[in-house]
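Single chain ahead, written as structure tokens, the form predicted alone.
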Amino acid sequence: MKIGIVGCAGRMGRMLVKAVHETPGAELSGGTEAPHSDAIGEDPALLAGVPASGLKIIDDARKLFEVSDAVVDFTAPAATVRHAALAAETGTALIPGTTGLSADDQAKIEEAAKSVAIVQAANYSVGVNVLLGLARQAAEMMGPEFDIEILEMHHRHKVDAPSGTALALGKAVADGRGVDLDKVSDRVRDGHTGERKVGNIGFATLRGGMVVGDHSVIFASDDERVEITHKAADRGLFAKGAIRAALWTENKAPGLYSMRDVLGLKG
């Protein structure tokens, strides 16, 4: 499959290009960057530290979509929405790993998925998707006497909080309890907050250093505490998962899919 990378000169973009090079059955179709980028005209493969591809980085996303079977997008919400529209127009599968999307942004991605296959995940790692399943199952089994807290830590450069993965974990445990996350989410605690409200799902966010991504779901009762944790050691695992998702879209019908579909996980 011919796979394109938007934002290919960034840290994650280079890892995605490298993952394409290392994945059997995948071929780099090109990469884009913003018009003002110094990377325009460079070979995306050389920037990623792999053998030359003979391609040049361009600033025209439409051209990339037109020559690709799938495009991977770890950019920013506004750009991802534009790319979803391009995916629908060109019939090119889209793998968006962008977090921090608004409800309106998400609605536009879901509309595009009516025309083309889109695999969207807050996190493309196998381990995190197993964690999502375990968290939901635990929430189903543990009663209201267990308070649920979600703790995440990322590098100092991350711009959105809580992380997309933390929110996905919140959704998983809320689904397990049969409640609406928006109605029980507690994301801010500062000053005199009063006692913790029974049934709320709390979020705590840490930022510092170059932490790739740590996520924990904590179930705490008066008598015991259960913690389920995933720690990412190498950002490259997200790139590998995204390319795996891109290959999975071959011959898939239009629709909004998840990494659980790609991995064949139940539930």
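Each residue number is its position in the shown sequence, starting from 1. Note that the structure is a prediction, hence the values are computed from the model and not measured.
One more form of this protein should be noted, the form predicted in complex with nicotinamide-adenine-dinucleotide, which is absent from this view; the next part is about it.
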For this session: Would you confirm whether the three residues S68, E110 and I243 all fall within 4.5 Å of nicotinamide-adenine-dinucleotide in the model of the complex, going by non-hydrogen atoms?
Result: no
For this session: Would you please decide whether T92 lies within 4.5 angstroms of nicotinamide-adenine-dinucleotide in the model of the complex, comparing each non-hydrogen atom pair?
Result: no
Exercise. R136 near nicotinamide-adenine-dinucleotide in the model of the complex, any heavy atom under 4.5 Å?
Worked result: no
Exercise. Taking the shortest heavy atom distance, is A34 within 4.5 Å of nicotinamide-adenine-dinucleotide in the model of the complex?
Worked result: yes
Exercise. Should D147 be classed as touching nicotinamide-adenine-dinucleotide in the model of the complex when contacts are defined as heavy atoms within 4.5 Å?
Worked result: no
Exercise. nicotinamide-adenine-dinucleotide isn't shown here, but in the model of the complex, which of 98-106, 84-92, 167-175, 186-194 has heavy atoms within 4.5 Å of it?
Worked result: 98-106
Seminar exercise, completed: Across 50-68, the residues having a non-hydrogen atom within 4.5 Å of nicotinamide-adenine-dinucleotide in the model of the complex turn out to be none
